[in-house]
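What follows is one chain in structure tokens, specifically the form predicted alone.
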């Protein structure tokens, strides 16, 4: 058995070799660098190029156009408003409460599993 074979983990569904993955990582890094190096060289950070463009109108306040994480999930949160209202009432921020919930739910699951035997 060669040293390369000793690093290979084989299973019925395939194999895994860290050196092979490292080789792929290097190949993709080189490809990424080639793509990056062929980029537009006229880009200059900290100039007018980096300002947001909204149909030629100047944006006075960047906060007006910023998309917050809450905005991304607005539809989801609105559709499940009743569910989240219950969860927010239960949310205390105290780790001891979460541990108590964890132990309580674990005890219920254990009771169900042992009760089924």
Partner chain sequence: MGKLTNFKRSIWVFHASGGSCNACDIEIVAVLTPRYDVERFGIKLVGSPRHADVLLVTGAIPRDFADKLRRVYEQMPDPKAVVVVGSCGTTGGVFYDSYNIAGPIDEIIPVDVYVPGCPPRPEAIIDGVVKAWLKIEKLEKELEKKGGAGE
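Everything numeric here is computed off the predicted structure, so don't read it as measured data. Numbering follows the first chain given and starts at 1.
There is another form of this protein, the form predicted in complex with its partner chain, and it is not shown here; the text below is about that form.
Relative to its partner chain in the model of the complex, residues 40, 44 and 51 are all within 4.5 Å by at least one heavy atom. When contacts are judged by a 4.5 Å heavy atom cut-off, residue 79 does not count as touching its partner chain in the model of the complex. When its partner chain is considered in the model of the complex, residue 58 lines it closely, a heavy atom lying within 4.5 Å.
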